[in-house]
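We begin with a single chain expressed as structure tokens, specifically the form predicted alone.
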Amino acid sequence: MARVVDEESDEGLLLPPMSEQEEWSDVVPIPQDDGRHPVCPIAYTDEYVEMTDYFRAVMAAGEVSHRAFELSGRVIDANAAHYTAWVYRKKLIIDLGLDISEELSWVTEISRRHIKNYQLWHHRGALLVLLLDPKDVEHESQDQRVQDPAIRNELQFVSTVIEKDSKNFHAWSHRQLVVRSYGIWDQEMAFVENQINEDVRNNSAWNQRYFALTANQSADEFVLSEELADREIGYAVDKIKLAPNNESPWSYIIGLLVRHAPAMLHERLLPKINELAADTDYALAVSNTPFYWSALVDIYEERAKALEGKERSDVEAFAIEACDLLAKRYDPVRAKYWEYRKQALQAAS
């Protein structure tokens, strides 16, 4: 007997083998071909072997039917990583003209069991675009787009997933797809700030902040104004105060400035973090975190690139000194890395 999950109750239903079901009597199953002498065959269950043998036959025949669609769901529920089943299921949805909203509901249902499955999220993204073509709403304002039921429901679904697992890579990637596809950038920064306020160490939220800030533009396209740089520096420093040994805000602000405004590292960021390191309320915590010294390496290294002669050598000396402190005192676990950075600085002198 084969066990099939009922979508309404989430309980297993017992069915006779497919070979005994009248519905499948016209199909000749195609066994998996592992070669004449497989080295390490996978120990599939008998039910799974039969199911996939019939599914293989259905695909080989190019069958477009509701029974093929139902079978694809059974295969996916048994093995959510079966990417061919997902591809064929999408084809059946399109060819049969099935309800996309119902399919999204089905994906929501099975996501409870397969929430970190890549194929599920890829399928969901494809469904969303089928349900609502981005071109159909490009004439609307961002506020209007966010109110569209398809977009609103999708954002709510992703928010619920992130609420349960704030570092689910697939959920964050999918959220980026939704934001990017429908151009709803304005609301994203508020969402990100809420996530960072809930957990200042959530590196996924910091990554999303960069995504929202740059609106997914390349380094050549995005212009970081002085006003915007000052805002982001202030924001990052405020979060560093909450947890100086939290790498996320350090990496965020260094990465942002290195990529989009290198000169502002020395001009704007350095005074702020040195001020923080001199503040009696934060001095001990800041000066003992490797991220402060690592930031100094990056700042001085970038500064040196804009200088020549003795001025350059003097600035590089500061970076080299920071590398030594990191290797010997503040980050000895990565001593070899800091030695490499030191050698690179010396070679550039």
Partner chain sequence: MSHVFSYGFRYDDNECETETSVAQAEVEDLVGDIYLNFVETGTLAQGGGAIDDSRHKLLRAKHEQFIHDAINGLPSSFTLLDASQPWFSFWCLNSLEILGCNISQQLRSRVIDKLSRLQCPGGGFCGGSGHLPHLAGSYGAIMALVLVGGNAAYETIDRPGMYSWLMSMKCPDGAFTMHAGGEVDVRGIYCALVIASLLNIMTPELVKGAAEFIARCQTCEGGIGPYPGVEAHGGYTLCGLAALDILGKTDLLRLDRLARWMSARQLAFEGGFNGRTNKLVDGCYSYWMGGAFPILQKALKRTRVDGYIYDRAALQRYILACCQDRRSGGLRDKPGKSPDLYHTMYCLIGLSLSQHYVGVEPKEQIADITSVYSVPVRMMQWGAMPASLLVLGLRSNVVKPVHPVYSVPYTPLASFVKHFYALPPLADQLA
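Just so it is clear, the structure is predicted and the values come from calculations on it, not from any experiment. Positions refer to the first chain, counted from 1. So that the term is clear: the rigid core is the largest set of C-alpha atoms that superpose within 1.5 Å between two forms.
Beyond the structure shown, there is the form predicted in complex with the partner chain, which is absent from this document and is the topic of what follows.
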Under a 4.5 angstroms heavy atom criterion, identify the one residue in L276, L224, L270, A243 near the partner chain in the model of the complex.
A243
The partner chain: the contacting residue among V179, A236, I93, L256 in the model of the complex [heavy atom, 4.5 Å]:
L256
Which is the contacting stretch out of 103 to 111, 127 to 135, 145 to 153, 78 to 86, given heavy atoms within 4.5 Å of the partner chain in the model of the complex?
78 to 86
Considering non-hydrogen atoms and a 4.5 Å limit, does the partner chain approach R312 in the model of the complex?
no
Any chance Y48 has a heavy atom within 4.5 Å of the partner chain in the model of the complex?
yes
Is D199 part of the interface with the partner chain in the model of the complex - any heavy atom within 4.5 Å?
yes
Going by a heavy atom distance of 4.5 Å, is K167 a contact of the partner chain in the model of the complex?
yes
Could you list which residues of 207 to 235 come within 4.5 Å of the partner chain in the model of the complex, counting heavy atoms only?
N207, Y210, N216
Quick check: E63 between this form and the one not shown - does its CA shift reach 2 Å or more after fitting the rigid core?
no
